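So this first bit is one chain, no partners, the form predicted on its own, shown in structure tokens.
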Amino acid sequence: MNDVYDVIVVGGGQAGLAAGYYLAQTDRRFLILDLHHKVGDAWRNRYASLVLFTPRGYSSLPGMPFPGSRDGLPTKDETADYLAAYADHFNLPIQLDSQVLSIETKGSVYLIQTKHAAYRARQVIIATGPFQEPRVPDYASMLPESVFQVHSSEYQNPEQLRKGNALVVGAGNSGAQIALELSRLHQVSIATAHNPVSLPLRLLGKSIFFWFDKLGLLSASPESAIGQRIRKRPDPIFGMAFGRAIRRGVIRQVPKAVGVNGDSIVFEDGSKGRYDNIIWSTGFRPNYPWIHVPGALDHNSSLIQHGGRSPVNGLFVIGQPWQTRRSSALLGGVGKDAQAVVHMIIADQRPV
């Protein structure tokens, strides 16, 4: 506890590893804290059939290409193994099984308490990403126990489900992938507030991300005109299989789910449906109960940051959606933000 690190990075996923890559090129003494047993477990523990929609060529962290075909889509296990190999290749100092329980300040030093040890640091990077607390609507608790419910973050495979039909609530890419997988064994409906737009994985012989890159969509800032337009629209579904399944009636699209009546889900148009299984693909909400630093969080418990810089001296952020650009929270985009934040850290070195 007497030693003071120059920098402690909270989170050993892609954002924390990218920060470590750039910190390793400085003279700063740093440590990465991660709650998992193994680097990459945040990906490794996702549902078995998960495939990234970003190709390998656009999923590399700084200094080490993602192995395999550039145009191929990596599985979640490939991604987990890549992150583990990345940490080993650059010999990054990572303390695993170290869930952070609290961060607070004492004078000019940050005090970081984990389950097993306490640390002090002059500067801290929060790199835990946007997936904090699974969001499930309050009315879900009104459903009877006969209905099997699971959030997409805890869904693993169709064997989890009971016999009967299934409703996926939320039509993002995870919801679409899960609905497609379940449709092979179950009668599946998907509830959505909008008509999902599908984009092909390839266009004119190139990955769709090649065209996004050429058009400047991946680097669009949140303040730009194009960035503001993108943020107003729901994320597209990558790949055409989901759209085909909807058109063919293999997956039934129903309106937004808004409540419960008895054992039935109530939809926005007033219709109802009874389901044996419900998968809540309803995203996440920010939740940082362990950050006890005045001025670090807003009234919604979201991190306050501008370009990765917190209004609190010595506190920085990496890996948030739209932190500086469209790709800030993606594997292939987080590196630029990590580099910028490490430059800020060098400029803002705090004395003890």
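Note that residue numbering begins at 1 and tracks the sequence as displayed. Here the structure is a predicted model, which is why all the values come from computation and not from measurement.
One more form of this protein should be noted, the form predicted together with a small molecule, which is absent from this view; the next part is about it.
- A42 is the sole member of V317, A296, A42, L31 with a non-hydrogen atom lying within 4.5 angstroms of the small molecule in the model of the complex.
- This chain appears without its partner; in the model of the complex, the one residue of N165, Q253, S219, S174 with a heavy atom within 4.5 Å of the small molecule is S174.
- Proximity of Y139 to the small molecule in the model of the complex falls outside the 4.5 Å heavy atom cutoff.
- The small molecule in the model of the complex comes within 4.5 Å of no heavy atom belonging to Q305.
- Under a 4.5 angstroms non-hydrogen atom cutoff, the small molecule in the model of the complex lacks I278 among its neighbouring residues.
- A residue is said to contact a partner when one of its heavy atoms sits within 4.5 Å of a partner heavy atom; A127 meets this definition for the small molecule in the model of the complex.
- Every member of the trio Y47, T54 and F131 reaches the small molecule in the model of the complex with some non-hydrogen atom inside 4.5 Å.
- Partner contact region in the model of the complex: 96-104, out of 180-188, 96-104, 263-271, 221-229, criterion any non-hydrogen atom within 4.5 Å of the small molecule.
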